[in-house]
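So this first bit is one chain, no partners, the form predicted alone, shown in structure tokens.
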Amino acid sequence: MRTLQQSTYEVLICADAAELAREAARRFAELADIFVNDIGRFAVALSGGSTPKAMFHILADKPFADALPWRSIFFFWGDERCVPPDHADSNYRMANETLLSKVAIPRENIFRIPAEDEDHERAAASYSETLQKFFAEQKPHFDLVFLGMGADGHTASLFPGTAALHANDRIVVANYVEKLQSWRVTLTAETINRARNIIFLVAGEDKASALKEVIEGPRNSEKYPSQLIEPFHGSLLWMVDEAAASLLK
């Protein structure tokens, strides 16, 4: 494991996806303890994907399952596919099956996106209201947001060339993704960037080209939306495996 330190972000390179998941679980636990001890709660937005899934399995097992202050941790999502919560493609379902149903988390601490609502704009507005009520703020501040990155440079459901990239006056938006022929509900870049900690989890050789462009390439957030993630006051950590980092200088 090695670290590349930059002025506005840090890149942590793990040997492989398994080490990446273990280190992500450790970072989650570390931040949870810090925030619960400091302010009494820890609010985290989860992402979908294979690396978060592996991290959830680790957190649901010893020693984390017994040691973490689950009753003071509150779970949200960065984005969701517009499917019912029991659908195979649901980010909520994956997190629930691998972590949330396995540890002592009160159900009232779980705030899923109601993306099954056929009125996608209403679903986005409902989740915006949920966040504003929980944080008691017009502009919510998460303690931690986990993000993935696709081979096309998208993150959350902020896909290249889509309307959500420009919705900076919104907390949550419904976003139609033409190439997938489907709707998503997603936090906006503005909301993500208000987080106190943002952690990207990126694994696999298929992500190497996009990762190089996002981190080292010229500014082109319309093509590589992950470049939009620049926290206003928080920290940005890229946790990647050797395969994904293979093209970085």
Ligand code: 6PG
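These numbers come from a predicted model, not from an experiment. Residue positions are given as counts along the sequence shown, with the first one as 1.
This next part talks about the form predicted together with the ligand, which is not shown.
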Indicate whether the candidate residues Arg41, Ile110 and Asp143 are all in contact with the ligand in the predicted complex, with contact defined as any heavy atom within 4.5 Å. no
Among 170-178, 123-131, 155-163, 96-104, which stretch sits within 4.5 Å of the ligand in the predicted complex, heavy atoms only? 155-163
Residue-level contact is defined here as any heavy atom of the residue lying within 4.5 Å of the ligand in the predicted complex; does Met149 satisfy this criterion? yes
Could you tell me if Thr51 has a non-hydrogen atom within 4.5 Å of the ligand in the predicted complex? yes
Can you work out whether Arg194 and the ligand are in contact in the predicted complex, taking contact to mean some heavy atom pair no more than 4.5 Å apart? no
Is there any non-hydrogen atom of Thr188 lying within 4.5 Å of the ligand in the predicted complex? no
Out of 68-84, which residues reach within 4.5 Å of the ligand in the predicted complex, heavy atoms considered? Asp79, Arg81
